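Single chain ahead, by itself, as structure tokens, in the form predicted on its own.
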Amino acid sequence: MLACASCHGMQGKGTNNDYFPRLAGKPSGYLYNQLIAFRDGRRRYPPMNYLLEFQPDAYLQAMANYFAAQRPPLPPPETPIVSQDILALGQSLVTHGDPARDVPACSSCHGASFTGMEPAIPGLLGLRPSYISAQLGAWRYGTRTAAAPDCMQIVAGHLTETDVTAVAAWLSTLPSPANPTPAPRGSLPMPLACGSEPN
């Protein structure tokens, strides 16, 4: 796993680079699906596509299991560079959603503490706002996809650019919870048919 450390940090804890996310502690089902997506070209980032091109499923599962088991400390919360109004919008969308636009609360799938849910819904903590914005943008524009039902593409499609900025900013300010472990399978009231396939 040392090859992963140069970009994702030791134990997958993340680095100062905005676009190399933390891997540690995410559900192994989620990590495995992302590795498969990179290997098979469904998710595009040339260095990852190249590194994983010929890796067998069993090796990718072992990688996913390793990073899922790691629990290095989360980085400190970010200091937001957006207005209080934007932060308030982010908090509202993340915790309550916007039913009028069919936007569920992030917490309804990713958990009240945003630590994710087994087997395949990732935690949202320890990620930089630029990374969150980039991924939401990729879902919105269809350059990142998942197996059906592709819930994130549906949800992100209802978000505006301002919404994306707000959600990313507010999530980045959250402190580490006492228990960073993903919630057990089926323990969250998901509003869509998500979770039946890894995203």
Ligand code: HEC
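Numbering starts at 1 and runs along the sequence shown. Since we're looking at a predicted model, the values are computed, not measured.
In what follows, reference is made to the form predicted in complex with this ligand, a form of this protein that is not presented.
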Original post:
Is this ligand close enough to 74, 82 and 173 in the predicted bound form that each of the three has a heavy atom within 4.5 Å of it?
Top reply: no
Original post:
Is the gap between residue 68 and this ligand in the predicted bound form 4.5 Å or less for some heavy atom pair?
Top reply: no
Original post:
Looking in the predicted bound form, any heavy atom of residue 89 within 4.5 Å of this ligand?
Top reply: no
Original post:
Would residue 104 count as a contact of this ligand in the predicted bound form, using a 4.5 angstroms cut-off between non-hydrogen atoms?
Top reply: yes
Original post:
Just to confirm, residue 45 within 4.5 Å of this ligand in the predicted bound form by heavy atoms?
Top reply: yes
**OP:** Within 4.5 Å of this ligand in the predicted bound form, which residues of 148 to 172 have a heavy atom? Give them in sequence order, or say none.
**Re:** 151, 152, 155, 159, 167, 171
